[in-house]
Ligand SMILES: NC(=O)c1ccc[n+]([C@@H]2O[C@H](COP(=O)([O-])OP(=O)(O)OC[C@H]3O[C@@H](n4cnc5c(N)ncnc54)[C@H](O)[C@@H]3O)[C@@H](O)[C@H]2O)c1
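The chain below stands alone and is given as structure tokens, in the form predicted on its own.
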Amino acid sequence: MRLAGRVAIVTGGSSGIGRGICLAFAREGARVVVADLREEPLRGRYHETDAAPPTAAAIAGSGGQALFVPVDVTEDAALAALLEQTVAHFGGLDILVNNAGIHIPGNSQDLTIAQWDRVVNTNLRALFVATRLAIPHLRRSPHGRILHVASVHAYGGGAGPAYAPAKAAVVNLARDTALEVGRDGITVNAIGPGYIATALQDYLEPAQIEACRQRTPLPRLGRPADVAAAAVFLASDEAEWITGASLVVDGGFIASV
């Protein structure tokens, strides 16, 4: 198993992409901390309509080790407590996956300033705070890894004036932090998912979902397992000489851009 014995935190781990990463890490032998606002998986209208049981319970039911920690990633004290609980429970930290994120539809005239702040705080500021808190622990690990879940929208507009700029900043945050901690043997990378069939896509209507499918060269929408496979690779020893990179997992969605 590629992650045997390693301790991983995955924010937003109860549902969607985060849940997929947690389950994949556990299958590879990692001990997983599922950090999220709620323990129950989200259920969508079109995708993940019957997701169950909770992620940590699913891991335990398969013989793995997992801990659920309720966390609002926009609260600095909650993130500090998350790191403390992880180290107290599992004895250290090897992998941080900054996956938690939100999207609020709207253009520059529709989105309120408070909503803009909320998206940027969740999708960018929280990643920096979690990374800052994790680095001292990762420096004590021989396998330190930081993964940021960005988006194909990091490479273009179309997702609103908060989401796309925040995700673009996430890609550059990975590069900057990679330069900072490279000498410590810690790698820092980003993953840019395309359309992934999760409950978080509920703001879209069927016609919009079909348009995304039609635009994707490979003949299906993405699945959480597709992103999870990339996360496992980047967290493993196979990727020990890859840092400051962004791996797009999008079925070819942005190939024509």
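Treat the numbers as computed from the prediction; the structure is a model and nothing was measured. Start at 1 with the first residue shown and count on from there.
Just so you know, the form predicted together with the named molecule exists too; it's not on screen, but the next bit is about it.
Every member of the trio 42, 99 and 151 reaches the named molecule in the model of the complex with some non-hydrogen atom inside 4.5 Å. Judged by heavy atoms within 4.5 Å of the named molecule in the model of the complex, the contact stretch among the candidates 171-179, 142-150, 89-97, 109-117 is 142-150. The contact residue chosen from 71, 124, 162, 138 relative to the named molecule in the model of the complex is 71, the criterion being a non-hydrogen atom within 4.5 angstroms. When the named molecule is considered in the model of the complex, only one residue from 229, 37, 221, 58 comes within 4.5 Å through any heavy atom, namely 37. Residue contact check for residue 54: none of its heavy atoms lie within 4.5 Å of the named molecule in the model of the complex. With a 4.5 Å cutoff on heavy atoms, residue 198 counts as touching the named molecule in the model of the complex.
Shown alone here, residue 17 lies within 4.5 Å of the named molecule in the model of the complex, counting heavy atoms only.
Along 236-253, a non-hydrogen atom within 4.5 Å of the named molecule in the model of the complex is carried by no residue at all.
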